[in-house]
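Encoded as structure tokens, the following chain is the form predicted alone, with no partner shown.
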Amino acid sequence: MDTHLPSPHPSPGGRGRSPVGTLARRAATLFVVHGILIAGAVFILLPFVWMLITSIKSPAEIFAVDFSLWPKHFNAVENYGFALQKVPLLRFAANGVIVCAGILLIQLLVAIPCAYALAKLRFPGRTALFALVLMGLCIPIQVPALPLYMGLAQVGLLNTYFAIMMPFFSSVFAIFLFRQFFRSYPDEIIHAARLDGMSEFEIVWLIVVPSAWPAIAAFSVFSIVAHWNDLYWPLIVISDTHLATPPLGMMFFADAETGSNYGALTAAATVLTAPLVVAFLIARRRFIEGITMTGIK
């Protein structure tokens, strides 16, 4: 009777890999990946850290030859006090909130029904209509800026909140994003709602929209950040300081008041950036869910 003992060495084919080697390779891969992500995060956050630190430095330290990240003498009270007293920064922030909230509300009211129709309803020309929506993504605001400005001037609506918000009431990006999300919504639930006698309007707002909060949160972050930081269109239609949005207000502040006072300038930038950071921190979980779930079928 022959007895075959197992070989103590792994076969040349590599099937007998050591668990220790596999764990080591996995640990090395995770180390490299996390190292790249941490380096990217530091690269992105460094300008914000520099802005915050500069806002509490004295002018002598800002222009000192020997650069130091942490200030030796705090000048936060003077910098922030100067910024808040010389120009109405809180009014600029309030204008930003009004403009962003108004634009976002109308965008959602328009985009959600349009996206639902493109995703769930069958009608002639649906594919061609969606192609036009995609083409709309290629048209920047600079293209229709002149006719929009002339139309607003003719009806006397320059220097109003409506003039700032009107070009952005319809968002093709929102239609595209919500359409991709609604495509993954089960058709069986919609058919059951129709059998129960619900109208399409009720299905959209009472059934589909409550499940679409991740996509709504994701788009809300994109919309708020884009219109909070928009300088081009408010610069065209607004000349009244009291209606200035945050970027336009920062431009007025930098031109008229600060001169070379970069401490006060970065203090003003910090005040006007803080609402964006708070909004993102509040919606970050829904934002990540909306980005990862959109388009999954």
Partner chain sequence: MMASAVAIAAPVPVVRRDRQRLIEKLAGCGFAFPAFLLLLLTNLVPLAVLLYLSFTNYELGALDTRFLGLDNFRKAVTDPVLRRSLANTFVYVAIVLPGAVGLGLLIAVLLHRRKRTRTFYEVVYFLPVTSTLIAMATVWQFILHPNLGPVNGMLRAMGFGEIAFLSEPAYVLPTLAAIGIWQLVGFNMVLFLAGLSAIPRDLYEAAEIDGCRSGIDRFLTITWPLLGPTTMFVIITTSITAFKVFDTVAVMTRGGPMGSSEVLLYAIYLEGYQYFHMGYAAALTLIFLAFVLLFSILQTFVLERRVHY
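Positions refer to the first chain, counted from 1. For clarity, a rigid core is taken as the largest C-alpha set superposing within 1.5 Å between two forms. Since the model is a prediction, treat every value here as computed from it, not as a measurement.
Keep in mind that the form predicted together with its partner chain is not shown, yet the notes after this line are about it.
Contact annotation: its partner chain lies within 4.5 Å of heavy atoms from the stretch 165 to 173 in the model of the complex, the single such stretch among 97 to 105, 79 to 87, 207 to 215, 165 to 173.
Contact annotation for residue 148: at least one heavy atom lies within 4.5 Å of its partner chain in the model of the complex.
In the model of the complex, residue 24 stays away from its partner chain, with no heavy atom inside 4.5 Å. Contact check for residue 43: a heavy atom falls within 4.5 Å of its partner chain in the model of the complex. The closest non-hydrogen atom of residue 243 lies beyond 4.5 Å of its partner chain in the model of the complex.
Using a 4.5 Å cut-off on any heavy atom, the residues of 96 to 135 that reach its partner chain in the model of the complex are, in sequence order, 110, 113, 114, 116, 117, 120, 121, 122, 123, 124, 129, 132, 133, 135. In a rigid-core overlay of the protein, residue 243 has its C-alpha displaced by under 2 Å between the shown form and the other one.
Fitting the two forms on the rigid core leaves the C-alpha of residue 147 displaced by under 2 angstroms between the shown form and the other one.
Core-superposed comparison between the shown form and the other one: CA of residue 98 displaced by less than 2 Å.
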